[in-house]
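Only one chain is given next, in structure tokens, and it is the form predicted alone.
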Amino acid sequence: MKNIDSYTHLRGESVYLDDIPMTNGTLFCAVFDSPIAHGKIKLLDTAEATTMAGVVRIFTAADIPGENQIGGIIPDEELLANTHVHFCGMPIALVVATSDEAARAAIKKIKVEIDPLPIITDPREAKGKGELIIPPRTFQLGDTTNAWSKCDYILEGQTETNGQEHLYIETQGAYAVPQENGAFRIYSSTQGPTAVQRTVARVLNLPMNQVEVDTTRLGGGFGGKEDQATTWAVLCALASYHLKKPVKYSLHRMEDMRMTGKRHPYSSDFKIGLSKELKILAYEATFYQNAGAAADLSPAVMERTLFHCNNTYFIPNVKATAFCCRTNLPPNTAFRGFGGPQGMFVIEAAITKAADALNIPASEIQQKNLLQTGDEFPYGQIADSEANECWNKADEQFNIKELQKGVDEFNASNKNHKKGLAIMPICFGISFTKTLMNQARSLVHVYTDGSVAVSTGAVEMGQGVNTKMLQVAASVFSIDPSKIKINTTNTYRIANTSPSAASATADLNGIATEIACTTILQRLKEVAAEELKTELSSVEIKNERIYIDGKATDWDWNKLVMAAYVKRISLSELAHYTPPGIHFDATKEKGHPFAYHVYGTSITTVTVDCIRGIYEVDAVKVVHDFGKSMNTMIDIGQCEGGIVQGIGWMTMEEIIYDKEGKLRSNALSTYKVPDIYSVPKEITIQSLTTEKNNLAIFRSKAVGEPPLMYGIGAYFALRNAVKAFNPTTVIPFDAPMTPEKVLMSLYPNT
């Protein structure tokens, strides 16, 4: 089935925030944000700005009727700075004007005096000064202290992974429209409509039932709109609350880049011990997470780093500790993978360091330590593993030895160009790690003409979730997809939603939809059995036709629906779903936090120009654990997008803040993302199809986040290519591997 948005996307008819017709009298706003990273506000002068043409009003923290607080996990983030600023870009005042241009012009006339305070940008420095957002957490399995004596090889090292700009095509934005009786409707470009609703209610001192949040779709999110979309919706609502007018704010790209958080940078230490047989016997890691100036989602991101610290390997003795470090940068936030990739990079670096020391390919260590079914993760869950199956099928399909032989032959015959190959096996858990968030609801209406409407908490952001929701309803009812409409995500239709994140959206909302449709279908079958005077067990609905004992009748879907209505049988259902068996005890750091795991293996080859330091990704060949894909084209598209985004993070996307906390990579001229010329020349994706039962919708495993981790292979392939040119070079584990770093590694002494 094709993506149902393809037609309207192609014709430019899909509705995003900026496509919503504006109500007469709509006002526009813009934020005046802090020019320095840390300090005490001494003076804020808005007098001149207030007199500017078109300016209606300027709001500050003093105008907030409820709590000046937007922190989700921890209440440590002000909407508008009151007495102190904590990062460059922190909102201080909100200008509302009759036009976007007038609001932005007025911002330039606002004056602020700030007494500077010490600025921290490095997480290790923050940890050293006790600037932690939450206490450190440790996951343990076995006993690393006593395991080291049993190791024949012990290696230690340090890694750095940089942040990553979300760079969604549609920037952050919202449109607040006052309703009667003091209520508000807010159109928000958000992955978390309930988070927006809850926070608006808190800041305006309103009950949540006075705040309706509606989202049709996003022009990309990648986690950047899970929590951080809330700020802009609340600001619009604040202005609308006071002025009783509709208020809109769509950020400019450079505003968005300056004022929003990124993927978390990590600085990490590792220690790994192996036996002579190359079994990893012990592994310790310490993660210093750069959270930025407020918690945002950092505690949860840090937790997932710990969950994925061993990637897809069984290690009997593990100790992983993580520190959530407060710095004076914009609060960092969710990004595809949610801390998992940062943890995986460290274990891959440790394996690579061990392989270098033993003068063997890293793949020898990787393969010998892959998870087997029955192995225990450091957090207590028992693996139902597909790791070896993915690796073996990748070898069978692509012939790893032949690929490596081709690389070696190329390198032997080329002086100034070298190839590198790296294998990246992955294991990624699917569920929100905060157990209570693993719930969803679906509201299904069957109308008397046989058409169907489905409302869920799933937010469409290009990942094809609306298509999958439609497929669920069409499959259960066995009706033509054209009869089904997927409604916008709306907090009045579906309450208390979890954000569309954690790769769990299709599973949670899809199974809720399946339950709702199945419940209605059962009622319809009961009507059919009564009307056709037969046993319920003999009734079947196929392709909009009613069958009795396998034989078609003259009753069709529409006739049955109307018959049910005449009998006053409900044609609507609100279903609730939460996956069974999920639990986690944070006091013990043990439990069963994931519904299932996704596995896979990628083989990445690159070519480095050893004169210039530039490179190309030749191919990424993947065997991915799809379970039983319900939509192959959408799932392959998600794999391709995730791979390229992961490669971008690992190779070219370099976030640069200076020591004063100012973002220097603040535009697309200074921040590079993969374009069509820098993506792999070849991406081949083979599926590992299994008949195993899992908790995925229709056994179709989640595919949003896991493929991003394949991009890590590009870093190690580049590293191998550089070493083919200069075997003695010392390359720090410092990602991204930009062309500048490649060149410096090729010629470290020049």
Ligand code: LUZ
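Residues carry their position along the shown sequence, with the first being 1. Not measured: the values here are computed from a predicted model.
The protein also exists as the form predicted together with ligand LUZ; that form is not presented, and the subsequent description refers to it.
Heavy atom contact within 4.5 Å of ligand LUZ in the predicted complex, the stretch among 555-563, 526-534, 81-89, 424-432: Flagged stretch: 424-432.
Triplet Glu386, Asp635 and Arg699 all within 4.5 Å of ligand LUZ in the predicted complex via a heavy atom:
Zero of three within 4.5 Å in the predicted complex.
Hey, in the predicted complex, does Val452 get a heavy atom within 4.5 angstroms of ligand LUZ? No, Val452 is distant from the partner.
Requested in this report: Report yes if any heavy atom of Tyr283 sits within 4.5 Å of a heavy atom of ligand LUZ in the predicted complex; otherwise report no.
Outcome: No, Tyr283 sits far enough from ligand LUZ in the predicted complex that none of its heavy atoms falls within 4.5 Å.
At the 4.5 Å heavy atom threshold, is Phe338 in contact with ligand LUZ in the predicted complex?
-> Residue-level check for Phe338: yes, a contact with ligand LUZ.
Answer for Lys262 alone: is it within 4.5 Å of ligand LUZ in the predicted complex, judged on heavy atom distances?
-> No, Lys262 is distant from the partner.
(message) Looking at Val96, Ile347, Cys236, Ala501 here, can you tell me which has any non-hydrogen atom within 4.5 angstroms of ligand LUZ in the predicted complex?
(response) Contact with ligand LUZ in the predicted complex is made by Ala501 alone.
Of the residues Lys419, Arg304, His597, Lys468, which one places a heavy atom within 4.5 Å of ligand LUZ in the predicted complex?
Result of the distance check: Arg304.
Residue by residue through 700-732, tell me which have a non-hydrogen atom within 4.5 angstroms of ligand LUZ in the predicted complex. Heavy-atom contacts within 4.5 Å come from Glu705 alone.
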